[in-house]
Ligand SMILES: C[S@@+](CC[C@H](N)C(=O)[O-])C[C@H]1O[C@@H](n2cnc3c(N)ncnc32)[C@H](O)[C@@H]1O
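Shown below, as structure tokens, is a lone chain in the form predicted alone; questions about how it binds or moves come after it.
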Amino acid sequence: MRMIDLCCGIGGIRRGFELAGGFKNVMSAEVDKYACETYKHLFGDDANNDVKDDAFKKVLRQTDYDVLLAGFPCQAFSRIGLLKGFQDTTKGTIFFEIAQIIQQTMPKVVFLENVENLVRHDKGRTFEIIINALEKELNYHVVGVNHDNDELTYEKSSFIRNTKNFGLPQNRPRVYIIAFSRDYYGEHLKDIPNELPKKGTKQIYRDLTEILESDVSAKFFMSAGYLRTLENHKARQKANGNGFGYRIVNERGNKKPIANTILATGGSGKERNLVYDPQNGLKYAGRMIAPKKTVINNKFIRTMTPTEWGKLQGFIGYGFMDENGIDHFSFPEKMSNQQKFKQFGNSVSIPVIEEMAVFIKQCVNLMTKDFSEKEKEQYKIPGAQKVIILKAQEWKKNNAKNLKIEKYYDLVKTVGVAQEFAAEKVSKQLNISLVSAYKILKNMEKMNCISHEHGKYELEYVGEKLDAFMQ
């Protein structure tokens, strides 16, 4: 299946699908400059596209693909962010841009990933908006959602899966949404499971001790002054009845340590994942290392390294290993450690994504194996074309029951979507008079499926922004 990778970061979702087999990426989009550099370094593709850009959306309407992937921005929905949600004009509207792309291009499958707090944000209203948009406005069956008459019912917890249950030693609960198009799969949707995978089939690392590096630079060890600041802050929080503060994830006595969630915000993600490392700490304790303002602590406490974060997400030591055991993951030269931490923290756990992709593949195979010949032919129609065909069918039903719809199907297949053409081409290709061609094009305008400027036409159903779901 052909897929597009939106809000792609450094490509963790894409890589998980590639590992599942049977998926090929055809288009990517990411606005972060440094993430784009890493993405191109890993995959050879330029992801420098913006899902808000109309020109990019037009390219997607011209692209034949099956699966839409999107790990849309976390900050607006995260408990550690500003809690602005959909009122955040820069990132809170990204889901609606994605929804518009779905509306215009009708992928067979949609896969979305976000932070755990998405299901609770704004007392659950944010998540309800997303589910309603997919189910009611875009006509998708969301795995985990049931219909009780006109009401959608679901358990919010059924969308949350934790990295620690998929073979990696990281406590990372995240929201995963998988949706299948009713217009493509129809009654066959009743044949697939209505629950996401709960655990993985591979044990990649048993616990944190297996991902810790044996030789670590002094720069990752905390200065004594900074460690005292963290200790004092934790003591104040405890006195106030709070549990906030730094965490040593492999403290002595913990027989099976795992990491806390690593975060793109850096500081809090690092300080909740400190490591006790006497093997390397003995070499540096008491030494003054620039640019630290005090000597290195004598308790052997350090932050994790970018390599360790890469292992916690399945990028290093798993996602890019070849059959000979050679790891092909790397960053571009001169990428800073700060950027490496940010990119890993902002990414996904590849083994979790792989399991979700396998699930999608199994569901698709389960449904398509029972397709009739007519359904098989319909399944071959690209989504953007199918959108217009369905709009033509709807218009015929409501406005012109005697309309010979076949010519409209032929038009869509002949000229494609978002491709410029003239009426004369329609006349010639469909072997009809120019008058008949103009009549068809006029009807397509009434269907809101065509744009017309300076004698040139383009087939496209741009649709409306989903503003109604923000009310």
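Fair warning: this is a prediction, and the values are worked out from it, not measured in the lab. Residues carry their position along the shown sequence, with the first being 1.
Beyond the structure shown, there is the form predicted in complex with the ligand, which is absent from this document and is the topic of what follows.
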Exercise for the section: Name the stretch: of 47 to 55, 438 to 446, 425 to 433, 60 to 68, exactly one has residues whose heavy atoms fall within 4.5 Å of the ligand in the predicted complex. Expected result: 47 to 55
Handout entry: The single option of Ile211, Val249, Ile360, Ile94 touching the ligand in the predicted complex, heavy atom within 4.5 Å
Key = Ile94
Completion exercise
The one option of Thr163, Thr105, Ser347, Asn273 with any heavy atom within 4.5 Å of the ligand in the predicted complex is Ser347
Practice task
Consider Met27 of the chain shown here, and say whether it contacts the ligand in the predicted complex, taking contact as heavy atoms within 4.5 Å.
Solution key: no
Practice task
Could you confirm whether Gly383 comes within 4.5 Å of the ligand in the predicted complex, counting heavy atoms only?
Solution key: no
Handout entry: the ligand contact in the predicted complex: Ile4, any heavy atom under 4.5 Å
Key = no
Problem - Partner contact for Asp32 in the predicted complex: the ligand, 4.5 angstroms, heavy atom - result: yes
Exercise for the section: Any residue of 1 to 32 with a heavy atom within 4.5 Å of the ligand in the predicted complex counts; write them all down in order. Expected result: Cys7, Cys8, Gly9, Ile10, Gly11, Gly12, Ile13, Ala29, Glu30, Val31, Asp32
